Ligand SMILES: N[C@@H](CCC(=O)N[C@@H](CS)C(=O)NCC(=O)O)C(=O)O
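A lone chain, given as structure tokens: the form predicted on its own.
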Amino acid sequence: MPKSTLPPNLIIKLGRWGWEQVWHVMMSQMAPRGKDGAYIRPESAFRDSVSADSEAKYPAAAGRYRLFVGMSCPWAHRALVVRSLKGLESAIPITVVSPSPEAGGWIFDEPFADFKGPAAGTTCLSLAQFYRQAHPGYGGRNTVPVLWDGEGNGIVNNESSEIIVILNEAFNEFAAHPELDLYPEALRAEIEQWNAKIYPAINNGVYRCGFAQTQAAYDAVIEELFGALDAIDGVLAQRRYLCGGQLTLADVRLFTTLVRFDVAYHGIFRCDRRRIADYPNLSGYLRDIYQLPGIAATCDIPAVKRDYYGNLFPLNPGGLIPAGPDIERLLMQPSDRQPL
């Protein structure tokens, strides 16, 4: 007697239904959403600052503070770019973490045990362990970048937009390039206007595309994303940088998203209407910043491809990592931006 079989169309329907349920569960853990299926980024928890004032709660000092970064993370990359531009490598060491699907978060490339006082001798293998060690009872997100106070064993700040301001202002006494001001008083209003446009539409916009859980949510944000890119490409036809002839923190915040766009967001996040390479001014602007002294060394393109395609399982279940594009070669082509 022949074995009974399910009709192929029923197998497909059951498989699709099952995968969609599992996908929504995984996405809800990885990327919180609203009722409309749109991605909502949670707020950062630690928002203290470092000051050049020696009497401050966190006074600037060489070797006291440490940056925890993930090389694929655009938010952590901001801090690395400012650290490099200011010449703070000797004053502020870094510790690198990498994403691990098995661990469910960031893990240290090398076990971290640089605690002092009562916590001396403690070893952390994951960033989650580090957060709990630094702040017992903490139950929020374990994100990078982290600016850590090694003297007090506490997290000073884990909000990238604030960390880059701290690095620009507080450590000039220890910087190789103290004369460089990426957040000058005269341009702050304009910088913040750019930030207000770039963050929701582009920096977070690519994630809102990639983590959208309904077609309507995706359709809305893809229009916003490319509308903003189109507008900025037009502005950059007349300006070398966003605020004119001077590089600022607004450029830093945009750069770390643009350098990941064609190798990651265009594919895995479905930001595929156009590539940055297709924009004449944005692509030259990207090359211009990439070729500034020290910036290329902060860009780990293989890590970007490996971590986005290899670790975001709900978006790429097979874990296959695409071969192209050869973005590092393209980034070294002449920018032709200097006349602006």
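All residue numbers are counted from 1 along the displayed sequence. Predicted, not measured: the structure shown is a model, and the values here were computed from it.
Absent from the display: the form predicted in complex with the named molecule. The rest refers to it.
Proximity of 195, 226 and 255 to the named molecule in the predicted complex is absent: no residue of the three has a non-hydrogen atom within 4.5 angstroms.
In the predicted complex, the named molecule lies farther than 4.5 Å from every heavy atom of residue 205. None of the heavy atoms of residue 261 is located within 4.5 Å of the named molecule in the predicted complex. In the predicted complex, no heavy atom of residue 236 sits within 4.5 Å of the named molecule. Residue contact check for residue 141: one or more of its heavy atoms lie within 4.5 Å of the named molecule in the predicted complex. Taking a 4.5 Å heavy atom cutoff to the named molecule in the predicted complex, the contact residue among 158, 126, 248, 84 is 158.
The partner is absent here, but in the predicted complex a heavy atom of 74, alone among 210, 267, 74, 99, sits within 4.5 Å of the named molecule.
Just one listed stretch, out of 240 to 248, 212 to 220, 179 to 187, 142 to 150, contacts the named molecule in the predicted complex at the 4.5 Å heavy atom level, and that stretch is 142 to 150.
The single residue of 90 to 109 lying near the named molecule in the predicted complex is 106, the criterion being any heavy atom within 4.5 Å.
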